[in-house]
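The chain below stands alone and is given in structure tokens; this is the form predicted on its own.
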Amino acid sequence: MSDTPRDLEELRKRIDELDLDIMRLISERATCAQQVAEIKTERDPDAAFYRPEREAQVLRRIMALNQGPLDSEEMARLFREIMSACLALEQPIKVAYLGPEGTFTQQATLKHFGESAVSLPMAAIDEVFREVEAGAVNYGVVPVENSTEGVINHTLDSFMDSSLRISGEVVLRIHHHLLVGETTRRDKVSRIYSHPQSFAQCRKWLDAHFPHAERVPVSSNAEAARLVKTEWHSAAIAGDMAAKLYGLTRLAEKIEDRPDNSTRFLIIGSHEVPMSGEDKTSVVVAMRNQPGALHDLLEPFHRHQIDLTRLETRPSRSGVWNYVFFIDFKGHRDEPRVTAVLDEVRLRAAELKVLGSYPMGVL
């Protein structure tokens, strides 16, 4: 097709027509969502409107059916926002996350629940747990492990005393940028603020480019960005959300030492999640202090061919040099072979606590 004014006019007219069709179909979908809410409320006034397993199934279906030219993840993100807006018509969902605003945890919250969710920043991980336990919010989002620096022990420890369930997971690619305010030049940077984890993830780059700058650890990358906004000769390591929130300039982009740097976040809630078809289960196990305890714990998983995705140990609070094991594996607790494994582990362990079965991260 030749690039003539008439061709462009016809294409733009067609785009306008498609926009009307898209708007009509989205409105029709929203109306269906409202009708679903009405039916649920009639049957059960306390019915849950957000269904993690259903949303995972819808997003997987969209990605499987997508034929381009948009890639499958981008198409799923568009539907994520449509679903978020439709859910807000049924019942606005409230989510607490490890704050402050501008953190990667907020970014993970929006990635999972969409922009229409009401997201509330909390000062600490245990505050996120308390807000969900008290019923002040529907869900919480907390970081659990980084591909470079390992697990976040505070999150694991919080599960020890909590009755909450894991309802989902989000894996977020972490890109760190070196940010400055409008009055700071690169050759004048003498102080760099960031969270200790971010310093660790960018250690080699900092050693090569700013070996003499003072590195000042703070409570979050967003806090680092806030400090830099009002200071001279200082920089912050933070992500896109913090840069936008505080109007900072990027001196350097993607300064993390490993290009595959990512962080996994957990969605915590009060309810069990039914099977979605592609699920994970997380458990915490206390074993008796005896030779071969770890072998006894892992043997049933091997025999039933259950794929373990994570195994971590934490000191037990019940005695010196006793440990508990945090285990993630593929499968749902309602699957027969997973049920069989958990029954065997329960007989061998001093204590077994199922933290939840939930859909594997889609986006």
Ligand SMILES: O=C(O)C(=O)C[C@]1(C(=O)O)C=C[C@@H](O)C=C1
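Being a predicted model, the structure only gives us computed values, none of them experimental. One-based numbering along the sequence shown.
There is another form of this protein, the form predicted together with the named molecule, and it is not shown here; the text below is about that form.
In the model of the complex, the named molecule lies within 4.5 Å of some heavy atom of Glu55. Although the partner is absent here, Glu145 is not a contact residue: none of its heavy atoms lies within 4.5 angstroms of the named molecule in the model of the complex. Phe329 falls outside the set of residues with a heavy atom inside 4.5 Å of the named molecule in the model of the complex. Using a 4.5 angstroms limit between non-hydrogen atoms, Leu206 is distant from the named molecule in the model of the complex. With the partner removed from view, the residue among Arg337, Arg29, Arg61, Arg303 that has a non-hydrogen atom within 4.5 Å of the named molecule in the model of the complex turns out to be Arg29. Contact with the named molecule in the model of the complex, defined as a heavy atom within 4.5 Å, holds for exactly one of Cys86, Ala117, Met75, Ala293, namely Cys86. Looking at 65-73, 305-313, 43-51, 329-337, the stretch with residues near the named molecule in the model of the complex, meaning non-hydrogen atoms within 4.5 angstroms, turns out to be 43-51.
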